[in-house]
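What follows is a single chain, given as C-alpha cells, in the form predicted on its own.
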Amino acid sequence: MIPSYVLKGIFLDTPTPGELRCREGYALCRGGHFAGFYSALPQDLAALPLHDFSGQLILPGMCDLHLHAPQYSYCGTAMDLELLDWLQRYTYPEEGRYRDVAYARRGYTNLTRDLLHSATTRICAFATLHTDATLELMRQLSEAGIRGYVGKLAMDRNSPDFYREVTPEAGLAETRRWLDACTHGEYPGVLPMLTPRFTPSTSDAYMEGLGQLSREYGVAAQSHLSENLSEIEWVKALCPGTAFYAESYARYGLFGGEQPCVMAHCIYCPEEEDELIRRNGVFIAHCPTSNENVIAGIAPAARYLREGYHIGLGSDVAGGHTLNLFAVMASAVQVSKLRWRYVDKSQSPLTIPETLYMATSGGGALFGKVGLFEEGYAFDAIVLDDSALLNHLPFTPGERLERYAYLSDGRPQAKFVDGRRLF
C-alpha cells in the first residue's frame, strides 16, 4: 500500500476538452489515488509527508496511445521516406533482430530508461512478433513503474520471409503462449493487447483466430486504421466484400464493443467508418509528428475531439521522432492549423488545452479513472520545472504550459504513477 502524502503546487488539468482548470494548493494522495484538493492544508493532514513544489506546474501524467517499442533504436532516421518504403528498408530489418532476446533486452532498456524520464506514465506499445522479447518489454516497463498495454505483433503475410510467422496456426499458438505467460501476475500494471500490425500484414485466418482469443481471454486490441491512401486501396484489394477498412477488423470482433480498442491515425475515414468508431467506442490515437514525417496526411482531430469521440495522442515512435508528448501536443496544434487553412475550414485549429486533454484525460479514459485530479482517480502526476523559460513577463499558468509545450525537452522534475514517486 502506498502511504498517504500531500503534494503542493499549481495543478492544471482538463475536466472537459478545452477547459484548462488551474488550482493552487494541496492534493492528497491516499492509497495511490487522488483523495482531495485543498487551497489551504487542513490541520488533520498537517502531519502527512509533504512534497512541496510551490510555484511549479503539476499536471496529470500523460498517456501515449501508440508507440512502436523496437523502433526507438532508429528514431529520427529516414524521415524523408513514405510509410511503406520506410517499413521495408528500416522497420522490418530492425524488428527482425528482436528474435534475439539479448538484443531485445538492450533495445528495450534504452526505451524504458527514456520513457521513465519523460512525461509519459501510461502507454499502448507495439512490440515484435517474438513472444519472449515481448515479455521482456513487459517486464522492464512494469519494473520501471510505467503502466499500460503491450502487444505481441501478429504478422503472417506481406512482410519479408525473415519477419513473419510461417502460418496463422503457428502465430496463434505463440499468441496463446504469450497470453498464458501474462496471466501469472509477473508484470504488474502492464497488460497484453492483441496487435495485428495492420490488415495487410495479417491474414483473414489469423484475424479470425485473434478474435476468438480476444473473447476467450477478454483482451483488448490495437492496430492502424486509414493512415495512408495507398494502404487503404491495398486493404480493399485484400479484403473483398468489406465496405471500408475498419470492417477488416470488425468482422472478427477486433474493433471495440465488448473489449477496448485503439486505432492509430484515422486520417481518411469515410462517414460509415467514423460511425462505427463512435458506436463501438474505439479510441483514436492521433499521431501528428508521425503523420508529418511519413507524409501520411492530417487527421481531423479537432472534429473528432469536439464531436465526442474517444481520442488521445500517440508519439508513434519511430514514425514520430520523439517520446516527448509536449512536443506532440504542439505538433497537434500546428498540423490542425494547416488542415484548417488548406483542407477543411469547418473546424478551427486545436488549442493547447484541447491537446492537453487528449494527452491526459482523453487518452487516460482507456485505462479507467486516469488523467484528472479528481476523487478516486489514479494519482498520476508530473511536476514541471519551467524556471529556465521564465523571464520578466508575468505569464499565467496556462501560458507557462504553452511555452513548456513548445520550448522544453519535456522531461519533468518529478513523476508519480499510481501514487508511487518514480523520481
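Since the structure is predicted, the reported quantities are computational estimates derived from the model, not experimental observations. Start at 1 with the first residue shown and count on from there.
Same protein, other form: the form predicted in complex with another copy of the chain, not shown, and the subject of what follows.
Note on the partner interface in the predicted bound form: the residue among G257, G297, P270, G189 having a heavy atom within 4.5 angstroms of another copy of the chain is G297. Only one of the listed residues (D274, E165, E94, E231) places a non-hydrogen atom within 4.5 angstroms of another copy of the chain in the predicted bound form, and that residue is E94. The closest non-hydrogen atom of H130 lies beyond 4.5 Å of another copy of the chain in the predicted bound form. The closest heavy atom approach of G76 to another copy of the chain in the predicted bound form falls within 4.5 Å. In the predicted bound form, another copy of the chain lies within 4.5 Å of some heavy atom of E292. Residue contact with another copy of the chain in the predicted bound form: R403 places a heavy atom within 4.5 Å of it. Remark: of stretches 115-123, 204-212, 275-283, 79-87, the one touching another copy of the chain in the predicted bound form is 79-87 (heavy atom within 4.5 Å). Residues from 388-408 that approach another copy of the chain in the predicted bound form with a non-hydrogen atom closer than or equal to 4.5 Å are N391, H392, L393, F395, E399, E402, R403, Y406, L407, in the order they occur in the chain.
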